[in-house]
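This document opens with one chain alone, in structure tokens, the form predicted on its own.
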């Protein structure tokens, strides 16, 4: 049986990317970026503050970390709830001790169900960005466009009411997007998104509705990947983060400012036997003269304000 010639006919085959959202770019040939006060490494902490319905919808797919055993899955439900009842407050205390600010990607359901957490985040000077509606609010290409638009707008409007201003940033559940997501985010007024992981600096994505900044939070430096999936210790995570900082610091001497992303999950990092190593990590990074702890919005603003 011969292969249909059309099988090899791929209309997007060309040099560079196979889409028009952004062009191929070599990080090491771009004009250097300078962070405020002579700092060379922007340390960007992103906290995923999530609410998992006890019954997953699986539409269009089941979110990572969602319920796993037959309904009612109290085992996993209460483990996730540990983050909102305990873990998130431990992280807030750690941030306050180290004098650092974080970006919190929160489900809109958090604002509805746990308004005290939102108030404490704002009081601590942290930035809140939209992380869909709840952990059933996943996005993929087979999600109808009107449903995706409604999901994005509901998350935006819920936070606008809760915090008094529209969130500037967005992160999808599982960082999953459809072909429509960047455009719909632009239409909804978002300035930046934190789903793509292919860079150490922000860059611009172009849609038919306008542009949006992509700010990468490398999935490899996340507690879900390193601790929950790879079963590493917080001491090991801390060492890898410090190693990454050292590399980026040295690289910045030659090529300009860099970003060190660290993604945290309250029900993972917020457990008591991990907090000592985590607080030591924060203290060590805060003591580095090259470190600029910054929210996602601050990084985007600083980057956009420089000639590139």
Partner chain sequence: MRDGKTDPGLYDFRPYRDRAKIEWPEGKTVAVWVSPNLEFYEIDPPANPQRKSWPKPHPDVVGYGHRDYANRVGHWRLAEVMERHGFKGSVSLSVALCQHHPDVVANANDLGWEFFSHGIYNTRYSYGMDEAQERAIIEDSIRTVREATGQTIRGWLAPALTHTPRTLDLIAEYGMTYTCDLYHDDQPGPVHVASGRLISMPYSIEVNDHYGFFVYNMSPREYAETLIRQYERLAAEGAESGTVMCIPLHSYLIGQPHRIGPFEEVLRHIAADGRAWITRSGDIADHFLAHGYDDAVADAARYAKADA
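Everything numeric in this text was worked out from a predicted model, so none of it was measured. Residue numbers count along the first chain shown, from 1.
The next section is about a form of this same protein that is not shown, the form predicted in complex with the partner chain.
Novice: Are all three residues 17, 23 and 142 in contact with the partner chain in the predicted bound form, where contact means a non-hydrogen atom within 4.5 Å?
Specialist: The answer is yes; 17, 23 and 142 each reach the partner chain.
Novice: Specify the contacting stretch among 88 to 96, 75 to 83, 224 to 232, 121 to 129, defined as having any heavy atom within 4.5 Å of the partner chain in the predicted bound form.
Specialist: In the other structure, the partner sits against 224 to 232.
Novice: Since exactly one of 175, 101, 156, 149 fits, which has a heavy atom within 4.5 Å of the partner chain in the predicted bound form?
Specialist: Selected option: 175.
Novice: Answer yes if any heavy atom of residue 280 is within 4.5 Å of a heavy atom of the partner chain in the predicted bound form; otherwise answer no.
Specialist: No, residue 280 is distant from the partner.
Novice: Though only this chain appears here, would residue 243 touch the partner chain in the predicted bound form if you measure heavy atom gaps against 4.5 Å?
Specialist: Within the cut-off, so yes.
Novice: Taking 4.5 angstroms as the cut-off for heavy atoms, does residue 114 touch the partner chain in the predicted bound form?
Specialist: Judged by the heavy-atom cut-off of 4.5 Å, residue 114 is well away from the partner chain in the predicted bound form.
Novice: I'd like to know whether residue 54 contacts the partner chain in the predicted bound form, with contact meaning heavy atoms within 4.5 angstroms.
Specialist: Close contact is absent here: in the predicted bound form, residue 54 is far from the partner chain, nothing within 4.5 Å, heavy atoms only.
Novice: Output the sequence-ordered list of residues from 171 to 201 with at least one heavy atom within 4.5 Å of the partner chain in the predicted bound form.
Specialist: Residues within 4.5 Å: 174, 175, 176, 177, 178, 179, 195, 196, 197, 198, 199, 200.
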